[in-house]
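This document opens with one chain alone, in structure tokens, the form predicted alone.
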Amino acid sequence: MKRGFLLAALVFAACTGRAAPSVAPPDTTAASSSSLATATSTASEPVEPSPGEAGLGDSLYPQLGNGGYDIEHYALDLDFADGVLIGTARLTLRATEPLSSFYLDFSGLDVSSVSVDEQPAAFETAKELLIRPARPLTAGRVASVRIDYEGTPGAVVNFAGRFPVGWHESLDGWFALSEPGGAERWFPSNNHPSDKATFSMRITVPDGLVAVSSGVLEGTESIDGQVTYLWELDDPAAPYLVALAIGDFERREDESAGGVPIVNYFDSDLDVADLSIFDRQPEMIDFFAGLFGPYPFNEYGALVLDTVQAPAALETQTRSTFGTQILVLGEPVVAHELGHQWFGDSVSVADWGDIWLNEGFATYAQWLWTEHSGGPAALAAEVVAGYKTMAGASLIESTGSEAAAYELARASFPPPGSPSADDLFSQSVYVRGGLTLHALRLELGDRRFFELLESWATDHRHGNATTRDFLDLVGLAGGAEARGLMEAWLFSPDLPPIDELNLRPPS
């Protein structure tokens, strides 16, 4: 198997006669707007305050996130020592409907007090944090919510598959990996990508340790054997995309030729040879900026952990998180996580059922870097290897025939536009997602294809989008034939052919 395709297993990165989709694309428009829906009222029929919904109705995880408000900013004050986290979260939120109570995603730590606009609020803790303000919130009102909490944070079983999410222990510290639902294990949030917000973080740790997060380090404060790190994330982020690690890190700075600051944090125990895969970060940033539009954030960097607990990388915003084991994949995994900064972080899904918009795009960005480094033949090799994987080539020995292997692959690799809730990070959303974009490139030609990618990244910059939004853009760029091609790749159980490379599923 090609090294680039190991990533899909380890990481969480038309012509007439084409196959038509047998399943219609789902309408995720409602999910994309549910957290922002504004209640209406008339003078004769005032809307009475009511409890906010405990869940946003996501197509895969309906209980993630909460209804009735939009969080604009998180200010987190975290003090971590001896395995105990003492936290104060100050949330600025805007009610989108009259609320008598509302929920936050938060579990596993003890809440000592809650206030809304400096007035004590009643609260309950179970699977979520239920808050009843002293006065109901009117639609449009901006409120300040404070939650004080503490405890020993930990990880939980990941309902989306793969390894646990939440708070983990490394060899010399701690770190968070939160996709899709683990953020609730260390701070209260509206934990869904459709509600993005800015972040300010004060992270206090014992002297000798370093606290790393997303955004820009604005300064440090030292007192009584402790150091406080002040991080600011000025561009809106989904809660699961906020990085956090505490440990023995070395800070290394660089800059791309295009002027993007690069700030890496490498665990001091890692071998320099293992870190050489990050040497071309400046070139990668400028290369992708030339294809997708300007880099969407203030700075970029890598956060490389000394841990074997998380054999993965995660596209945490502005500073991608890498576990030690994933480094063996080399430059492709670096390119994959960097591509996510445009596709997944800046342009975020409005519904987890559209995960291919993250992983398929990042996989194709990875392949584009392979093409940049090795030429068209290197890209073709990746596409062929990926197609064979989706057609079940690795299953032939166990099934006895290509046809039987393909049938097993059809069952094992659902179409990327229809992922399953308990296996969100199936190889299909990575590999067939990337193949989907390559098929579109062959259909449109390079000029129109890359114009489309840049439009997608620009039009939805710092926002949310759906598969239907992408199909609409494809329809504008290539007409009904191109859109039909995309629908086949995204929703048909059958693997469409790539005639240009003589690739067809076994019959």
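Quick note: we count residues from 1 along the sequence shown, nothing fancier. Remember, it's a predicted structure, so these values are computed and weren't measured experimentally.
One more form of this protein exists, namely the form predicted together with a small molecule; it is left out here, but the text below deals with it.
When you look in the predicted complex, the only residue of Asn158, Thr96, Thr198, Thr88 with a non-hydrogen atom within 4.5 Å of the small molecule is Asn158. This chain is displayed alone, yet in the predicted complex one of Arg132, Arg202, Arg141, Arg162 has a heavy atom within 4.5 Å of the small molecule; that residue is Arg162.
At a distance threshold of 4.5 angstroms between non-hydrogen atoms, Ala243 is out of contact with the small molecule in the predicted complex. When contacts are judged by a 4.5 Å heavy atom cut-off, Ala313 counts as touching the small molecule in the predicted complex. Contact between Glu184 and the small molecule in the predicted complex is not found at the 4.5 Å heavy atom cutoff. The shortest heavy atom separation between Arg319 and the small molecule in the predicted complex exceeds 4.5 Å.
Remark: all three candidate residues (His336, His340 and Tyr430) come within 4.5 Å of the small molecule in the predicted complex, counting heavy atoms only. With the partner omitted here, the stretch from 431-439, 231-239, 162-170, 257-265 that lies within 4.5 Å of the small molecule by heavy atoms in the predicted complex is 162-170.
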